[in-house]
Every structure is written in C-alpha cells, then in structure tokens.
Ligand SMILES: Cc1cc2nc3c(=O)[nH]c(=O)nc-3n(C[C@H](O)[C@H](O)[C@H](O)COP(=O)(O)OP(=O)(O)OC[C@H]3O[C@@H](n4cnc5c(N)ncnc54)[C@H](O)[C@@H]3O)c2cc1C
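The data below hold one chain only, encoded as structure tokens and taken in the form predicted on its own.
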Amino acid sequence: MKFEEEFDVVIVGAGPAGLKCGVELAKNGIKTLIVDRKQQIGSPKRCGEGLSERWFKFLDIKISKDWVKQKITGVVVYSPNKKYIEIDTEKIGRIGYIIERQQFEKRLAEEAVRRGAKIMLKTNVIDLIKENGYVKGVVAKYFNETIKIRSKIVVAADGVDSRIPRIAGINTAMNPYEFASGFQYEMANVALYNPNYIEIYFSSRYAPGGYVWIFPKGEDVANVGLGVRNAKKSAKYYLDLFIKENWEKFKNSSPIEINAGVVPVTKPVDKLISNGLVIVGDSARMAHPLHGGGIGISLEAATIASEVIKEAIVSKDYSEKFLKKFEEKWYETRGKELLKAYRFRRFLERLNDEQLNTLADIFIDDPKLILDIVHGRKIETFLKLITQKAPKLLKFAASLLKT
C-alpha cells in the first residue's frame, strides 16, 4: 500500500474514538492518517454493544439497520435476593440500541475514507518521533517494514492497553484492581425478560466487583456477559455459574460468539495532552466507571478533540498550552460527570449483598434515581434518602460522594 510520509494528524487506533476523530478532521480538509495494529476493523469486540440514543442525536449519527440490532426501551435491575426494579426508560425519553459494533466501526471507517482520511491496518506503532520537546509523528512496523510517519499532531486512541502516552512521558498506569475483567457470550434462543429491555444482575456470587448483563440483539438473541474485579476466579467461571444457576433462561440456548477483554472502570487520566499529542477513548480511561460503557463517551471526546485539533492546525500551534483547550472542554462536558460516577462506584464496591438488597429497596420508590446517579446527578438526593431509610450505609457513602 502506498502512503504519504507526512500528515497533519496521525491517529493511532481505529476504534470508535480514532475513527470518529478521523471523520471529523478529514471532513474539515485536514490531512489525516489512521493506523491500527489489527488486520480487521471492529475486531475483537470487547463490549456489550449498548449505545444510548442521546449519543446519536448529539453526534448527528444516523441510525442504520445495517448495524442496529435492537431498540431498547427499558431496563430491569436485579438485586442479589432477586428482587428487581423495572424502569420504562422510553417514558422518560431515554431510548437505547444494541448495535453490531464491528459493522458500526466499519461504517465509520468507510465514512472517514470517503471524507479523505487514509487508513493503514497491520501497522503497529513502536515509538514516537520527538523533536525539541514535541511529538512529531510515529515510528511503526508495517508488516515487516519499519516506517516513519511525520505529523503535526498525534492522537492516541489505541485502547485500554495504549502505549503511546507512556512513550510520550504521560503516566496512564492503573491499579490492576481498577480494571474489570469481562467475558461474554452472544447466545441464541435465550428466554429474555423482554426483548426491548436490558437485564442487569448484581450479586457477589455471580459478579464480584461488577455485574451481569443481558443485552438483547433480537427476539431471542442476546449478549450475555459480565465484568468482575478483584475476583478469586476467572470471569468465564462466574458467567458459566450464572448461566447454570439461571437455567430456565438458557436451557435451550447456545453461544454463537465468544468475547473477552478488560475495561478500565476508573477515573479518567489527569493529563490528556502534551506538545503535539492528544489522548482519547480508553487510552485516556474514558469508559464509564459504573457500567463500563465507553462507545458514546469516546465518540464525544473524539468530536471535541477534533475541534481543538482543527484550531491548532489553523493556528499552527501544537503546544500543550493550546491543546489544553481539549482537556478543559472535555472535563467540563463529560469528565466531571465521570468523576462523580467513579465515587459512586467506590461506594457500591464496599457493600455486601445484604447491603445491596437494602439499597435496592431504596431505589424501588424512585427507579429513575438510578439513571440520574449513573450520569453523576442527584448525589445529594441519594445521600438524603440513605440518611432517612438506611443510615447504616451512610458511613460508606459520606467520604466517597463528596462533590
């Protein structure tokens, strides 16, 4: 494949963040190259594939039957004692979709190319070109050839195991406890609660430090998976146990796809930029700390980053001082919300199953409050409810939910 040796922007990583950033830059006439070490865009899949409708509206992405599998209009949340809270999210204007992520990412890639971006697969970035304190491009292995690709700005969007920020001298190290180990089957012939409802199960028996999910992809097809943290056994062990002990749902079903991976469920990294460098997506730990979802957040971050990068290219200023506009705008738009969600996750992880059952009883009276807290809202309201109805839980919450 022929490629140009110099670009305005090199994006490392062809996931949702990298591809969306490429689309936005290319459509503004910025010479953009997206590189990825994989040989196929969208694979491997490391998520439940859920995406809220609000992201489509905010990012002006048209919903297509090509990659949307199921409309989601509600959620049912189970406590460890099997009590459940049902929320009709459509009634409160919150609709979601379960997508076919591989097809979604391929469509983004196609759009990026049509806008003028170039994509190079099987291209593993092994180093950065650095001059006078600035990142000036990448050094990569393209098949068996070592190549240098110069650019004005490099975007690190290479996922949870990103090396680019570390090479640039930015600390993105995480405590292993802050990673969730995930395992998922896509299964056919599942007895779903409702094909338009996602199912969430909290239980230390099935998902210590996390939760089990069932995300419908049709009338009887679903992603059935879980994430665990600090667990004594593998994520696969816990998922198999859940399926075995909930056999009425799965007795006639079978896996048709297996996915596994890790998700950062921590707070975002403190520093998102350097001279000539911008970090987005899982590379910057932008997955939601409570539920682990990161597609929409990554798409949003990429859109914000592309706006600032475009300004930098026009101004010919690629300094950390200029690029800090991205960091400031993203934290104001989404980062502060994720920090609040992180504190709530820290609260939840301190509760045992009995205390989680007590918490579920509180939410039964106001199911919508669950969604508000997920989005970093009404923390004070939640604390008042705990004070009134479950004061014994307050000692776990007080220090962690400070705003």
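The structure presented is a predicted model; accordingly, all values stated were derived computationally and were not measured. Don't overthink the numbering: it's just position in the shown sequence, from 1.
What comes next is about the form predicted in complex with this ligand, which does not appear here.
The stretch among 330-338, 29-37, 352-360, 365-373 whose residues place heavy atoms within 4.5 Å of this ligand in the model of the complex is 29-37. This ligand in the model of the complex comes within 4.5 Å of a heavy atom belonging to Val125.
At least one heavy atom of Ser298 is located within 4.5 Å of this ligand in the model of the complex. In the model of the complex, at least one heavy atom of Phe215 sits within 4.5 Å of a heavy atom of this ligand. Contact annotation for Val12: at least one heavy atom lies within 4.5 Å of this ligand in the model of the complex. Think of it this way: in the model of the complex, this ligand has a heavy atom of just one of Val190, Leu272, Ala157, Ile153 within 4.5 Å, and the residue is Ala157.
A heavy atom within 4.5 Å of this ligand in the model of the complex is found for one listed residue only; from Ile313, Met174, Ile129, Val262, this is Val262. Site residues Asp8, Gly22 and Pro165 are none of them in contact with this ligand in the model of the complex, judged by any heavy atom within 4.5 Å.
Taking a 4.5 Å heavy atom cutoff to this ligand in the model of the complex, the contacting residues in 21-56 are Val35, Asp36, Arg37, Lys38, Arg46, Cys47, Gly48, Glu49, Gly50.
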